[in-house]
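Take a look at this single chain in structure tokens; it is the form predicted alone.
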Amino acid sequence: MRIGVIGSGALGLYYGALLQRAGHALHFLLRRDFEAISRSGLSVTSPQGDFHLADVQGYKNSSEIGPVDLVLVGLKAYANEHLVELTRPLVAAETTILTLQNGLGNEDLLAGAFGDDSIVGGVAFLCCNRGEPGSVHHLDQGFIRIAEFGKGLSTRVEQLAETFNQAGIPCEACSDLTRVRWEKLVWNIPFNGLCALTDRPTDRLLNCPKTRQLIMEMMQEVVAAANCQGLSELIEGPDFIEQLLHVTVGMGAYCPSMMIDRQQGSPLELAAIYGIPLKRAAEANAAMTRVAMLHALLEATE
């Protein structure tokens, strides 16, 4: 399969490297890593085994890539104003566009430009950071859940999931993209924002009884709002929250992407992770009071 990666950060580089190692033809749109990867290839460190790709196809301009079978979008959602123009040169009649970006609204944007039938959405539960240019460090997790935009389970999504699984990327084909997206928000909303605001990793917040309680209360707000979105099956709040907390404890002193973005002086994905979810919750008459306060504080400190 010919695959183009738009947004070659930690997520795009890691998943793209695994897909290339499995025999697919990968084409990465690169910025800061272009010189290093063109010169020396791409190195991956991982608890599942380190490896190096000596020959990696990298590009500075997406128009140089041309049409592909699959566009894998890992672009930060704060850069979505450029997403359509970056993606367009890669899209032909049979191209599938898979966005693994955070938050809500990404599929809607792509569907508006390329049509609903081209779009698959997904979420990645991945602990991964970029190292020196030309390197990426996989720390933990890596599981992906994908679903059609505006449709139920399809053969295309099942085949795509199998492609990822064969490449060593655990992937589940799902029938309800809205549910998949909101389940990820149950984790993303409290941990990304609170870690960015306090400059403390996840373990520090969970080890403090007051911030642990706040995290749980925010998660409850998100679950309640999610269950007003017409899901095919409601999220079982207490069990799901306990599961997320258990997994997060196992991640140790993890620094979420928004915390790293703030440390590096990059913009935050506030619209996708907070603004749009808050709007959709309000439209369903589901108040997320604590989430709204966190959003306001993040905006005020940008």
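Being a predicted model, the structure only gives us computed values, none of them experimental. Quick note: we count residues from 1 along the sequence shown, nothing fancier.
Note that the form predicted together with another copy of the chain isn't included here; everything after this is about it.
- Contact with another copy of the chain, judged by heavy atoms within 4.5 Å in the predicted bound form, is confined among 90-98, 159-167, 197-205, 228-236 to 197-205.
- At the 4.5 Å threshold, heavy atoms of residue 10 stay clear of another copy of the chain in the predicted bound form, well away from it.
- Of the heavy atoms in residue 289, some are within 4.5 Å of another copy of the chain in the predicted bound form.
- Another copy of the chain is not drawn, but in the predicted bound form it has no heavy atom within 4.5 Å of residue 153.
- Residue contact with another copy of the chain in the predicted bound form: residue 1 places no heavy atom within 4.5 Å of it.
- Within 4.5 angstroms of another copy of the chain in the predicted bound form, the stretch 263-302 places a non-hydrogen atom from each of 289, 290, 293, 294, 295, 296, 297, 299, 300, 301, 302, taken in sequence order.
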